[in-house]
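One chain comes next, on its own, written as structure tokens: the form predicted on its own.
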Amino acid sequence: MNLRRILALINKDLKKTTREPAVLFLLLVFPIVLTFVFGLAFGGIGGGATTSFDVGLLNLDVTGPNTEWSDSFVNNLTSSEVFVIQEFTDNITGQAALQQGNLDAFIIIPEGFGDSIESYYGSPFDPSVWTNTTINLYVDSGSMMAVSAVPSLVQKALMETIFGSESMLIGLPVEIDSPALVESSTLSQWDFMAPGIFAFAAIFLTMIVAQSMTYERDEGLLKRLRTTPVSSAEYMVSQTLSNMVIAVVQVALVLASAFAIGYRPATGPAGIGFAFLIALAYSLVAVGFGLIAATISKSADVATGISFVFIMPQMFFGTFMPLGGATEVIAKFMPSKYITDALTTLFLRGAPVTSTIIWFDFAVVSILGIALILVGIALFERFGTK
């Protein structure tokens, strides 16, 4: 392959993008408009619902004469229809699972929990003789639903443990400590939606690639290129690299727009750099889907419609749309979902760039992107140039 020819083709593609108002709006102006509209509309609004929460549990009250109270509390949590309990044997493992997004909350039952309740029943009207303990509750700051619902549900389970079905709001020997909740409660709905905006903006690369390839085929440009020293490999590489450039520009525009309206991700320069890296990987996915759409399209107009077969599922199941039940299963097959998950882990949970979960997401997007590029090139070379 000749680097000079590839660079010339990239320059041609980028110039064509900047000279087409509709394409320029969709790829460059649209991400800015999208970010400002959603950021301003949802900057201070919360809401939504969920069907279940994955909750980690560490029970330290396993010895002594009153451990039946901690067992009862665990049973009340487990019997809840909205809690899926996963028990841990140490704090470090549970905190790591929470930070990587594998848990919605993590509860630590302190040693002496049962003694506290027994001391209450011994002198229910004399708080001075109670043995006070604190349940440590950590809530995933990357889950708006968990932040809103988990503390009250844990409080309800605690009341049922102490008072049974006749729970009432009176002084208790045990309290729930939730320092993570105080910090995360300041987040708006926009904070939870922002990671999905990056994937949402890049999705339309698929349509632009399909339109461009179909148009150049119909106008005879591909046939004319065959009469020049430019090889098919050089042409395909230039298409891929030019769209990777556009993906980088899109990430920069979304970040700049988000910062302009006050968004501050819970990550540093390394996390921002990772956002650019995974966007580059996702551009391979977009080009691959675009090549497949161009292969089965008879015109640029048809390519637009067919490209939405690949765009719409990713928009609704892989960005910032609320998921639950069957839709969560469907989302696992959407490349855009892995970008959103990785950036949520970085931007909301504040996980370090060394976290294995974000590199797993990156690997999934990269492998799928390369596979789609290879399939798309093979199909377009065989059927799409005729």
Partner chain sequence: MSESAIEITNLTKRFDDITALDNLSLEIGWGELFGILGPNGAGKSTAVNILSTLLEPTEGTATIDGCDVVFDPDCIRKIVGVCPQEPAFYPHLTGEENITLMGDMHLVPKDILKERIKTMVEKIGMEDHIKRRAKDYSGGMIRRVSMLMALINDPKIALLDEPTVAMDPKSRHAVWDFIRELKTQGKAIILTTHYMEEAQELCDRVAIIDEGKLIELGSPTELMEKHQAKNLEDVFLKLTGKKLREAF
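What you see is a predicted model, and the numbers here were worked out from it, not measured in a lab. Positions refer to the first chain, counted from 1.
Missing here is the form predicted together with its partner chain; even so, the following discussion is about that form.
Peer 1: Is it the case that Ser299, Phe308 and Arg382 all touch its partner chain in the predicted bound form, with a non-hydrogen atom of each within 4.5 angstroms?
Peer 2: Checked in the predicted bound form: no contact with its partner chain for any of the three.
Peer 1: Please pick, from Thr228, Ser123, Ser79, Thr89, the one residue with any non-hydrogen atom lying within 4.5 angstroms of its partner chain in the predicted bound form.
Peer 2: Of Thr228, Ser123, Ser79, Thr89, the residue with a heavy atom within 4.5 Å of its partner chain in the predicted bound form is Thr228.
Peer 1: Which listed residue (Leu221, Ala96, Ile85, Ala252) meets the criterion of a heavy atom within 4.5 Å of its partner chain in the predicted bound form?
Peer 2: Checked against the cut-off, the match is Leu221.
Peer 1: Report yes if any heavy atom of Phe276 sits within 4.5 Å of a heavy atom of its partner chain in the predicted bound form; otherwise report no.
Peer 2: Heavy-atom contact with its partner chain at 4.5 Å: absent for Phe276.
Peer 1: Give a yes/no on whether Asp104 approaches its partner chain to within 4.5 Å in the predicted bound form, heavy atoms considered.
Peer 2: Although its partner chain is absent here, Asp104 would stay clear of it in the predicted bound form, with no heavy atoms inside 4.5 Å.
Peer 1: Can you work out whether Leu9 and its partner chain are in contact in the predicted bound form, taking contact to mean some heavy atom pair no more than 4.5 Å apart?
Peer 2: It does: once its partner chain is placed as it appears in the predicted bound form, Leu9 has a heavy atom within 4.5 Å of it.
Peer 1: Is Tyr215 close enough to touch its partner chain in the predicted bound form, meaning at least one heavy atom pair within 4.5 Å?
Peer 2: Yes - in the predicted bound form, heavy atoms of Tyr215 and its partner chain come within 4.5 Å of each other.
Peer 1: Sequence order please: the residues of 73-95 with a heavy atom within 4.5 Å of its partner chain in the predicted bound form.
Peer 2: Residues within 4.5 Å: none.
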